[in-house]
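Just the one chain here, laid out as structure tokens, in the form predicted alone.
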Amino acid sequence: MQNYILPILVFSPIIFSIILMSPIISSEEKVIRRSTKTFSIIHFIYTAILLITFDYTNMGNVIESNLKIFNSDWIESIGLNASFSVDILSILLIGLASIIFLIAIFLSKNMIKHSYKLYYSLILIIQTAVLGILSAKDLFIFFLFWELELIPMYIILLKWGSGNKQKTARKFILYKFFGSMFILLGLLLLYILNFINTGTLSDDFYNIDISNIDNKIKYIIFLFFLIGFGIKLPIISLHSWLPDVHSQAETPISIILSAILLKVGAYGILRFNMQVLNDIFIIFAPLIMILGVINIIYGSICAINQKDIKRIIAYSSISAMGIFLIAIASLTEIGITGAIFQLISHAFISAGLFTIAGIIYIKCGTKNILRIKGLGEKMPILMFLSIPIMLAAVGVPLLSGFIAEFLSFIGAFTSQVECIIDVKILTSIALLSLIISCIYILKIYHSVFFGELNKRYNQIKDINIHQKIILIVLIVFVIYLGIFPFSITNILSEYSIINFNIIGGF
């Protein structure tokens, strides 16, 4: 049974999606929704059991599974295996993904109005793709799952998007395909160079050895990965697809995209740029630090100039990923701990922000904050539940956003990385730009909930029980991580030292 723990986790969503599309399950809306929710709850419980029973005291602990195809490895003659492995970083992100997908599926009830079978099937395929990426042990299994996410996401944007959805879907697929080419080139070079260095054909990226390879070739591989994963993150100049997709996608898709798919890009940078190519990452750390600061400044300035709520949140996500970049570039234990904590914290915060934006859009029929005023009068519960999520987004103490930003910036400020601009100056600039985040988040809150209510919104009702539960769950995580961050940071600090060759000192 041990050998099937991870395959069950990864493949059960796509198997259920096939069952969902078949005549076995009725085409009636309620049956489809309830069947999907039931499966998602069972899958979440399975993931939670793995999360709870995982041994976090042993930094080298992993869960491994090796699928046999007709009693042999995948393509044994050239060293390709269907292997899966989960360590502390993977299991935390898998747990996060399971929660977010469950929330997105529950939130879909009031937002998806047609083609239910296809919609939920595509969501489950994306879930399998994400879980496969986070648990893949082999280079090309990783890439297969990476590519698996593209087509379902493209179809969802094309079929359930709004506005100029054809252009947005094309832009999304072209950007992602462009990034995938660079990732594939990087993986192929790793595979070939590992063979040259060791004489063994193997695609197990935990055991890649390119230590004797010329650094110039490693630089090329590093840049390939940085571009490929940087598009998903996204890094500035590779980001323009993100605001368009967010503004035109349905809210559950925006939640999955911001809370999970962006984090998959960060996971790729951690695994390949930072872990496999650790010596090269140290050389490129100053560049990544500068890119992170640009992300923060550019994302914040763009956010403050937007009128569309979802575009504001999209640009705030770009800024948040800038914090992740400067934290990992610090090459400090506290910084990398803060970077991974930022991924988890931002997932819950962005999910909350997009949930609020989605509810407002459903109720008012617009995402333009200049056309929405005084909703606090008609929606006091939404107004109240929005407070902790928006405060977390601006980094108020005792909420998860503060802990993530505090650790990340302390790590960056104490970094010994040598840069053309002193890291303390860079960090100070990034810190000052975060003041802008207070402006655009409070701008949303004030514009939406205060002022004179537009007469057209007189009949608006407050949020339903589904939406209340979703927001409360997200608030619980945001508050818990803000008050008890050590439940994760204590694990991540030691993990950072061992896996990223960081000198201790937390």
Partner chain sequence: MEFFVNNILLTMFFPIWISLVIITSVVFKISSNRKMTLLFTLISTFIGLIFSLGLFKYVRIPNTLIIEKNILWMPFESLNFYIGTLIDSTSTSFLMILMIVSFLIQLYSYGYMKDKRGFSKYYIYLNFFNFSMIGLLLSTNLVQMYIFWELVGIASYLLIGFYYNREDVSKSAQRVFIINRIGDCALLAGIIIFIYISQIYLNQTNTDILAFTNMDDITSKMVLSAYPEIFNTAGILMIIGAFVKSAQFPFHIWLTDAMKAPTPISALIHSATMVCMGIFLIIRIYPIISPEIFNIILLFGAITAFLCAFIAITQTNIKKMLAYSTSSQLGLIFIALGLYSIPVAIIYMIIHAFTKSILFLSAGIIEKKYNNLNINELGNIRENNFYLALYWLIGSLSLSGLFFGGFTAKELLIKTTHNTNCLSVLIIILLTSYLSTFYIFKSYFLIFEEKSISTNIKVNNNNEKSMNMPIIALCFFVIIPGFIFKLSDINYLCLISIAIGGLAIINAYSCYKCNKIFIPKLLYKLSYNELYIPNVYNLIESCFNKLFKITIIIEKYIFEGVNIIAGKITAKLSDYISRIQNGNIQNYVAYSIFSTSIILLSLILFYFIILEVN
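Positions refer to the first chain, counted from 1. What you see is a predicted model; the values in this text were computed from it and never measured.
Although it is not shown, the form predicted together with the partner chain is what the next lines describe.
Interface residue among 206, 178, 219, 384 relative to the partner chain in the model of the complex, by the heavy atom within 4.5 Å criterion: 384.
Contact with the partner chain in the model of the complex, judged by any heavy atom within 4.5 Å, is made by just one of 364, 391, 99, 290: 391. Remark: all three candidate residues (244, 403 and 446) come within 4.5 Å of the partner chain in the model of the complex, counting heavy atoms only. Proximity to the partner chain in the model of the complex, taken as heavy atoms within 4.5 Å, picks out 231-239 from the listed stretches 158-166, 279-287, 231-239, 259-267. Although the partner is absent here, residue 18 is not a contact residue: none of its heavy atoms lies within 4.5 angstroms of the partner chain in the model of the complex. Residue contact check for residue 497: one or more of its heavy atoms lie within 4.5 Å of the partner chain in the model of the complex. Although the partner is absent from this view, residue 416 contacts the partner chain in the model of the complex, with a non-hydrogen atom inside 4.5 angstroms. In the model of the complex, the partner chain lies within 4.5 Å of some heavy atom of residue 435. Shown here without the partner chain, the chain has 298, 301, 302, 304, 305, 315 in 294-322 lying with a heavy atom within 4.5 Å of that partner in the model of the complex.
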